[in-house]
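Just one chain follows, in the form predicted alone, and it is written as C-alpha cells.
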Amino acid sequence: MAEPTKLIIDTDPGVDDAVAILMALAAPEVELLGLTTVGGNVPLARTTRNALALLQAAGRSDIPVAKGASRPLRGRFKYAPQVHSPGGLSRRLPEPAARAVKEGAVQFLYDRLTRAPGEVVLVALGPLTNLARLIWERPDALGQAKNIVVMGGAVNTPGNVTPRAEFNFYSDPAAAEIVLSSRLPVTLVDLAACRQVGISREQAMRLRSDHPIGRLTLELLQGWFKKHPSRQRFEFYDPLALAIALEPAITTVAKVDLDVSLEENESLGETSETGGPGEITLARQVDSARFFGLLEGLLELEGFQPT
C-alpha cells in the first residue's frame, strides 16, 4: 500500500474551490491535513464559514480549518460576488457546528509543514497572502513542502479580471511576487492551462452521481449555472490545480522565471516570463481526458461528456 498524499489546501471558497476541496475529500489516497482560509472571492468570514460548512456537509468536520488573512499585503481585497454570489457558494449550506481552530493560518502551516518535512503538498487556490506571510514570519517553513501547487496568473494569455491579470494574483500581486521569487518548489497552474478544461451548461445539467460527495458537487456546479441563465461554460480552475497536485502527469510543464507586476496601472497583477532560466514549473498542455477521467472517477459522475 502506497502512503497517502498529505495535503493542505489554502482556499477562498468559491464554487471552483469547493469542487477542488470535495475532490480531495473523495480521493482515497489523500490525507487532507487541513484547510487554511484567505479573503478573496468573498470576505474572510465567509470563506471560513464556507470551508467549515463544506467539510460538515461532506461528513468531515474532523478536518481542521485555520483562518488566515482578511486583507492583502497592500490595500483591500476586491472580492468577486458577480462570479461566486455574495455568499461565495451557489447554494447555502447549513450553519457549521465546528469553528476554526485557534491558531491562525501561518502558525498552522508552519506546524504541519515542519512536522512532516518533505511530505506535505500545499495547494493554494486563492490569493497568496497566507503563503507570503509565512515566508516573512517563518522563512524556512515553506521549503519543507514536498510541492506547492498554485492556481494563479495569466502567462501569455488574457486575464479574467483585467485584460492582463488573473483574479488571485491581481487580488494580492505583492504576495504573488514574493512566492514566485522565493525559489521554492512551485508548480503554477495559470489561466492558459485552466481554460483547457471546461464544461457547458447542457453537459453539466446532464450529470448525475450516487456518491454523496458527488451529489454535493453537482448541486454546487449545477447551481452555479442556474443562478445566471446567461452562463454557458464552467472552467475547472481550482479543480485542475488539485488534480495536478494528485497526478502531475496530467500536464506537460516548462521551467520558467516569472515576474508579477506591482505597478499601480493597467498592468497590475500581470504575470510575464522574463526570458531567463527559471525554477517555476509552469503547466502547459493539459491532458483533458485524463483530468476529466480523474474528476469522473472520484465523484462517480454519470453522463459525463466534456468537450
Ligand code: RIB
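Note that the structure is predicted; figures quoted are calculated from it, not measured. Quick note: we count residues from 1 along the sequence shown, nothing fancier.
What follows is about the form predicted in complex with the named molecule, which we do not show.
Taking the partner from elsewhere, Phe167 is found to have a heavy atom lying within 4.5 Å of the named molecule in the model of the complex. Remark: Leu109 does not count among the residues lining the named molecule in the model of the complex, judged by a heavy atom distance of 4.5 Å or less. Contact check for Gln203: every heavy atom lies farther than 4.5 Å from the named molecule in the model of the complex.
At a distance threshold of 4.5 angstroms between non-hydrogen atoms, Leu191 is in contact with the named molecule in the model of the complex.
Heavy atoms within 4.5 Å of the named molecule in the model of the complex are found in exactly one of 267-275, 235-243, 54-62, 28-36, that being 235-243. Residue in contact with the named molecule in the model of the complex (any heavy atom within 4.5 Å), chosen from Ser209, Asn160, Gln222, Ser182: Asn160. The partner is absent here; in the model of the complex, the one residue of Met151, Leu122, Ala175, Leu134 having a heavy atom within 4.5 Å of the named molecule is Met151.
Taking a 4.5 Å heavy atom cutoff to the named molecule in the model of the complex, none of the residues in 244-264 make contact.
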